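Two versions of one and the same chain are coming, encoded as structure tokens; call them structure 1 and structure 2.
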Structure 1
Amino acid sequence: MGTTQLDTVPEPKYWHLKTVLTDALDSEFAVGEILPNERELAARFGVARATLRQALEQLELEGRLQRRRGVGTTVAPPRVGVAVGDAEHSWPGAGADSWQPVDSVLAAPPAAVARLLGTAADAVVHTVRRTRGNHGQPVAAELLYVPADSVPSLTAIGALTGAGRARAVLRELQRLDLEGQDRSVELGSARADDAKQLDRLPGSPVLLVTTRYYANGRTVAVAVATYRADTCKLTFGDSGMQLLAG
């Protein structure tokens, strides 16, 4: 990785540095390789560490770099398409669903989710936790909220624990006739529990995908999936919206 004098560059220094670093990533570094530390990089390019951090943060947002706890900053793998559009018009856990159930508990959902479900703010619902990986790397964590009246035939769940309990809720939900679903996507910051599951630092950028499932003329379940923003991006095509995850 060579040196570059940035003092005479008219554009912001961090932006030009980002371009220089991008060229270096393409020509000198392999996927998963650890970059030199910030002090070494700042000295090599003759910039302040604050400028370097801005460039690294931009590259992380663009999915070129990943910051891993206890490891450092590494070169990110290529992004791979993960569809979240109309092509996945099915119940959670049905068919070729790539999510892995973790557990299920009874708990009151966040206020925003309770409003979508039409439940009282303090009403407990089945809360199914699932995770999704790609190339052996965690890329998303999901909480699926299912009111008890959406799965009234669910019995003897108290004897189940972990993934078995989660699967029981999913199986009962799939008995309903799915009438439709809709999704919204927004940029957010990883909460502490999500960051731990996704191997990210708390506050790291994430994409929040909220899905409402309809049956019997009402909302019967709401899923909130948290995707790593450093490995995901949205695209739009003939098949609808897609989330590209690395």
Structure 2
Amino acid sequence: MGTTQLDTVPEPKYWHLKTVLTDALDSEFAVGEILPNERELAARFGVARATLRQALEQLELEGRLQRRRGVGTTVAPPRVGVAVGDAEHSWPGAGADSWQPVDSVLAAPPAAVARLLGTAADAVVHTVRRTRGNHGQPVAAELLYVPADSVPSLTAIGALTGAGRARAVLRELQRLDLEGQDRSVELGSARADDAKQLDRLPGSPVLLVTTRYYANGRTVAVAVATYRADTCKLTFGDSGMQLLAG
């Protein structure tokens, strides 16, 4: 007789709290405004602080809130769209993009990267670090892995350090004939060094964008970019989008 499921499972408190807070954020708070502190919010809703925090955590995950230790919890602005596939098949650092080279060293990449590159697990490769900003805020940190034999004409690099060395590697890469590239996006948590560059705590959720560059019939470079998941919305596709995107 079609009893629609009423008096069904009791909704968890933190889940209900989340909806209440979401509505409040929509109607009563302006972007950038500081919320009451966690102890007061918990008291106001009659829950333990840990429960309140569980709700805040989800809201931060959804990009609605921003929490900073020692400061407070603020209402986050809508996520910024960050173009990831704006130009089809282009080398990193080509033209004027929003990336900034930081430095470069020779180091053994993580096992997963070595597998993609087809190099031995302990082989060292050029490792270029870049960061990407948006309106003054850091949004991404990237490590680009380039085996030495991908850029054979790169010589006399020993004398270079820092950003200069990073630029030298990118320059050599751009001389190759890019045959293709592909990407994957997955969820991860920020490693300690990336977290510092992104101004977040270690372990905060990030979007990992892995790009593989093909030339000469093989994989010549792999880039792993770490985007702040709380503030970023990655955009792909036709250039027309950014103009219309809300």
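Structure 1 provides the reference sequence; residues are numbered from 1 along it. Definition used throughout: the rigid core is the maximal C-alpha set that superposes within 1.5 Å between two forms. Since the model is a prediction, treat every value here as computed from it, not as a measurement.
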| query | Out of structure 1 and structure 2, where do we see the form predicted alone? | reply | 1
| task | Establish whether a shift of 2 Å or more occurs at the C-alpha of Leu35 between structures 1 and 2, with the two forms superposed on the rigid core. | result | yes
| field | Post core alignment: Val222 C-alpha displaced by 2 Å or more between structures 1 and 2 | value | no
| said: Quick check: Asp26 between structures 1 and 2 - does its CA shift reach 2 Å or more after fitting the rigid core? | reply: yes
